[in-house]
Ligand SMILES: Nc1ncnc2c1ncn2[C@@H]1O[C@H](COP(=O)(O)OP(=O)(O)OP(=O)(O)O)[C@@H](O)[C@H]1O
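First comes one chain, alone, set out as structure tokens in the form predicted on its own.
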């Protein structure tokens, strides 16, 4: 889990920036142009300072205009060159920022596609959204534009030092006294700035997460009249953000003026000492002016270094989080030899994939989500290819864990899961998951049309195949009654559809994929009786000769299952057909009869209410 608290006392790790700057390799030429151009700008500034000295000592002091036209042409040419370099800077830096931002966001998104379910169980949506948007933008803005400042600043400092010592050794010594003082200030403020920037980024993730939950849970908030409390909670978080941001801003605000005070004090000493030398005839007016200009030319980069340093501290916290996301390792990874033969998520080698028949076996499987909390305990089960298995039992008993383990969404700490007699770890994840059909209790639709959502199960499917899949699950009738039919927008998360409609579309999507192993995770618990009957009728045909696992909410829907497993505490308490288990009058019998009685009571109350 990428916990926010882990960042608070972390030392700066060079690997953080090494990973991020690795994305700059494709743009080495643009960076080289930026550095070269910015260094050239530093040289031009130095030449302009010399020209100012020559103008004072040559034209003003001597009271002559000889060669002033050539001087003016040279000055104008340098200004044109400076403007051209500025245009080059803005264009190149902007391109680098846009390209690197795109590359890193794509890499982070691809990383998310390969992560296991446990990663998403332990990482909030707000955390991920903040990393992919705010943090990456901030880092890339600094990385792209700071190159200009660094190139110009380094050249300006080096050139200024050489020029100053060449003109007047004593004044040069006075000037360089500012450097160690600035360095001491930087070291002192470094930890303080970074501490508060980390806190700011942490709270920013909390704000993003709070906004996401507020939107996703709007209906629940309305029904529970939570609007005022939600506002109070959000206000509390934003006040924490305000407090942390202010502390960070105050520290940065103190740092910059202190650096300026040091630089101003040294500039004052330069003027005092240089003025005395001018009066004593040891220094010309032009040379003093040159020293003041060149001093400012050197001090400005030092001020820039101070600003860059503060910006770096601000971005360090964001860089740590983005780098950790890019470097996150999934709990479930295919071994190198497996990837070599079968490919990975993005480069599958389907020509080497063995066909899946659907035989599933658990061999002494123990799985735990947290240390010391076994969800499955030494679990063993053999399912024949084409067998229909129903899983029933109390909530938290391990039913969903069993099917998630079959799908390799989680891997056991002990034991093996075999598909067609082969350990799933000897095959690629994509090989297995391409043969799965999974219909959830809470269906999820993507933004786009109904047709696109159904085709999501098999992108190469024709329109006729999409319609046929919808007909098989009884969705065709309601779809054709919509104004745009199959081209009707489902909305974000299926917001334009009812729960029952979303479930039928989700079922059609799974059917279209033609899976060898089918999982229905309480797939009919959220739909009305009419829709349930349609799905049941279709299921009898569709699940025939397919290995299927049905997590049942309504026990009446699984009476025709080949085998029913009663799961309790990660173990099989009972198993058999519906008739066998009812005759045994054990746990299944009690569950079935209790549900049957409860349904009768609800029906009676409904009739009386009418």
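Residue numbers count along the first chain shown, from 1. Because the structure is predicted, anything quoted here is derived from the model rather than measured.
Unshown form predicted in complex with this ligand; subsequent notes refer to it.
Peer 1: Would residue 401 count as touching this ligand in the model of the complex under a 4.5 Å heavy atom rule?
Peer 2: Residue 401: yes, in contact with this ligand in the model of the complex.
Peer 1: Might residue 157 be said to contact this ligand in the model of the complex, defining contact as any heavy atom within 4.5 Å?
Peer 2: Although this ligand is absent here, residue 157 would stay clear of it in the model of the complex, with no heavy atoms inside 4.5 Å.
Peer 1: In the model of the complex, does residue 553 have a heavy atom within 4.5 Å of this ligand?
Peer 2: Looking in the model of the complex, residue contacts with this ligand include residue 553, since a heavy atom lies within 4.5 Å.
Peer 1: Hey, in the model of the complex, does residue 435 get a heavy atom within 4.5 angstroms of this ligand?
Peer 2: Residue 435 lies outside the contact set for this ligand.
Peer 1: Considering 330, 441, 498, 378, which brings a non-hydrogen atom within 4.5 Å of this ligand in the model of the complex?
Peer 2: So the residue touching this ligand in the model of the complex, by this definition, is 441.
Peer 1: This ligand isn't shown here, but in the model of the complex which of 395, 462, 347, 235 has a heavy atom within 4.5 Å of it?
Peer 2: After the contact test, the surviving option is 395.
Peer 1: Of the listed stretches (512-520, 363-371, 445-453, 411-419), which one has a non-hydrogen atom within 4.5 Å of this ligand in the model of the complex?
Peer 2: Flagged stretch: 363-371.
Peer 1: Looking at this ligand in the model of the complex, which residues in 465-488 have at least one heavy atom within 4.5 Å of it?
Peer 2: Heavy-atom contacts to this ligand in the model of the complex: nothing from 465-488.
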